[in-house]
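First comes one chain, alone, set out as structure tokens in the form predicted alone.
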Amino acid sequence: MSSILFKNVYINDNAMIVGPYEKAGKLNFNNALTDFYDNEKTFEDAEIKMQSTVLDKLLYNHNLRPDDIDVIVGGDLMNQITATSYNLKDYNIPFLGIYSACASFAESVIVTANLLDTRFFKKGVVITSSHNLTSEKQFRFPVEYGALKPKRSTFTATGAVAALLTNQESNIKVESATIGKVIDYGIKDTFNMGAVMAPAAARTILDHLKDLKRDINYYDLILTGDLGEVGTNILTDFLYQNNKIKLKNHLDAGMQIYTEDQETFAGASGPVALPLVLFNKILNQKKYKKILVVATGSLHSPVMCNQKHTIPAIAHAISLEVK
């Protein structure tokens, strides 16, 4: 059994910042960069600055000092979770760095929720970020090269999100979670992240329902992370063809951020895509009471892909109950 029930864990607040593409998209973000550098010398420094911005805002909003936080859990897409580690070197907060690629937000919530459930920890912060130009440079080609991308590609979102989790009751309860398993369907195409991750999302959804003895209609909404248009179609077909499950109450965060005329291919990707949509759209609508959040991550590296290895993927799920 890979699922966990939590007794007393709540999301109390969040802070976010986005890039210029996200600001010009479908959603209304209050805090956004005017350009990809944000007055820094490199894109990498800009991503580090985004993380410090959201963490500072979260602490300020609750009149907290860094030493009031028992633990911070998070990660990003840069080599050795660089943005998160460099951001936190000045805060003196106990830190657990994690990596599940674009599923890192959900993994951070799962780890933090387990620590809070012990009651030895009272306040925890989860944090993640991605930057379009740092990610493209690392996983494919620097954008400056002008390399063409196929329509099945996704567009890495630029932004950072931090969330405060505590034992103090709020309107958003972290009710349960399912830890994903690594899935590999033999795909080698580094552009087709939706196809890589969709089987992992299906496996985690099925495991969650089986472990907790629930039906797919138990949830008002199933929110996947960044499958995009291609991966969403595969997930829907996969669940119906193999398990006779009709995925009616489903949205993919990757398809909620950009407009069609922004030319962002199959939709948004990156670990920040899911929490941006969850906190900025889904929870603001106040129409969903039971939400299954399924974060998806492609676990490839440039080295292994250049050696012609297939691409493994993972998906982690968290169940939220909203008052």
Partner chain sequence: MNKKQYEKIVKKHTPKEDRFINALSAFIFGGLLGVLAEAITKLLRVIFNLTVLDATVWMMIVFIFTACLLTALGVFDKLTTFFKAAIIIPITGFAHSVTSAALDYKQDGLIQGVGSNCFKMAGSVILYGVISAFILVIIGVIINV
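Numbering follows the first chain given and starts at 1. Small disclaimer: the values here were computed from a predicted structure and weren't measured.
Not pictured, yet referred to below: the form predicted together with its partner chain.
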Quick check on this chain: which one of Ile179, Ala195, Ile72, Val111 has a heavy atom within 4.5 Å of its partner chain in the predicted bound form?
Ala195
If we test each of Tyr185, Tyr99, Tyr218, Tyr86 for a heavy atom within 4.5 Å of its partner chain in the predicted bound form, the one that passes is Tyr185
Leu209 within 4.5 Å of its partner chain in the predicted bound form, heavy atoms:
no
At the 4.5 Å heavy atom threshold, is Phe95 in contact with its partner chain in the predicted bound form?
no
Within 4.5 Å, heavy atoms only: does Asn242 come near its partner chain in the predicted bound form?
yes
Look up in the predicted bound form whether Phe121 has a non-hydrogen atom within 4.5 angstroms of its partner chain, and give yes or no.
no
Options 186-194, 244-252, 164-172, 77-85; stretch whose heavy atom lies within 4.5 Å of its partner chain in the predicted bound form
186-194
Where, within 225-243, is there a heavy atom within 4.5 Å of its partner chain in the predicted bound form? Residue list please.
Val230, Asn233, Ile234, Asp237, Phe238, Gln241, Asn242
